[in-house]
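Only one chain comes next, encoded as structure tokens, the form predicted on its own.
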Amino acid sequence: MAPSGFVGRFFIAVERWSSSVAEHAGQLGLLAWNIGVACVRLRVSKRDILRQLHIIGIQSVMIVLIAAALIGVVTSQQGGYQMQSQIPLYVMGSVVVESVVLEMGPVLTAIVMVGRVGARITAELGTMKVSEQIDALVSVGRDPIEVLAAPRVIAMIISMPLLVAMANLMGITTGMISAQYTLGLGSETFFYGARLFWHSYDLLYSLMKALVFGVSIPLIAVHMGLRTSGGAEGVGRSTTQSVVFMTLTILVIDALFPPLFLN
């Protein structure tokens, strides 16, 4: 009886998980469609977009640059430690540049934005949902998608490629400075190694990642915020789940990018 009971519970858990995934996927698809319709119909306020650009983009510049600077230093130092052999030091330029542009810059910026912006969006909309502010918007004929969701998604889509570009530049710069002080690698030698293995497509690849992350993060954050229930406890629960979903989504997308766009 015990094995059969375990199997039964296992299939019940799989069924519930599959139903939950399908429900979330359907609601996310519908949300994305409604946001697209609102944008096409020009129903999104430019003032709201500019305000969200300030909150999401401009206010995130400093933390993104600090994180990118540290990751550039760490990449350079670890690469220098591993290359204490017969490998030419100029290869360090390629290691730092390719690591930052292809991987660390986009992913690190996305993780920072999950914590700083994604969680904030979920908490804001979740609080509005449980306090019936969203119902009040509907009652006066305002569409929450147009007023709350679309400006945040548009602002994130615009901000992410710009933030990733700044993070890439900062990471490369601090990586070069770190290599100069720890390995004695001059800037000319550093960029000589970087040019040997550089492809112009690498920058496009990095910005493509940023764009996909810029769509995924606010969609999940808005979706989780709008389906919040259960008062203050529900807001905390939705915010936690949202951060987990956004982080896992970023890692899955990051794992899918190389086989799809680098081969």
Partner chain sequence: MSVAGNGSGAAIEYRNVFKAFDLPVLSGVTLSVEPGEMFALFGPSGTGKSVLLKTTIALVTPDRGDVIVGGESVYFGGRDALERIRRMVGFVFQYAALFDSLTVFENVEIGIPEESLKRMRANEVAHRVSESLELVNLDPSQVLGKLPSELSGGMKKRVGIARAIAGRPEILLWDEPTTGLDPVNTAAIERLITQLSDELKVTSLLVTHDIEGGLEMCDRVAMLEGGRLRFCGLPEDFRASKDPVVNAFTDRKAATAALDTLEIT
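Numbering follows the first chain given and starts at 1. Predicted, not measured: the structure shown is a model, and the values here were computed from it.
Omitted from view is the form predicted in complex with its partner chain, to which the following refers.
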Worksheet item: So which of Ser187, Gln78, Ser131, Thr182 reaches within 4.5 angstroms of its partner chain in the predicted bound form, heavy atom to heavy atom?
Response: Ser131
Worksheet item: Of Arg195, His54, Lys46, Arg43, which one comes within 4.5 Å of its partner chain in the predicted bound form, counting heavy atoms only?
Response: Arg43
Worksheet item: Glu146: heavy atom within 4.5 Å of its partner chain in the predicted bound form?
Response: yes
Worksheet item: Though only this chain appears here, would Leu137 touch its partner chain in the predicted bound form if you measure heavy atom gaps against 4.5 Å?
Response: yes
Worksheet item: Do Arg142 and its partner chain come within 4.5 Å of each other in the predicted bound form, heavy atoms counted?
Response: yes
Item to complete: From the candidate stretches 197-205, 233-241, 22-30, 35-43, select the single one in contact with its partner chain in the predicted bound form, where contact means a heavy atom within 4.5 Å.
Response: 35-43
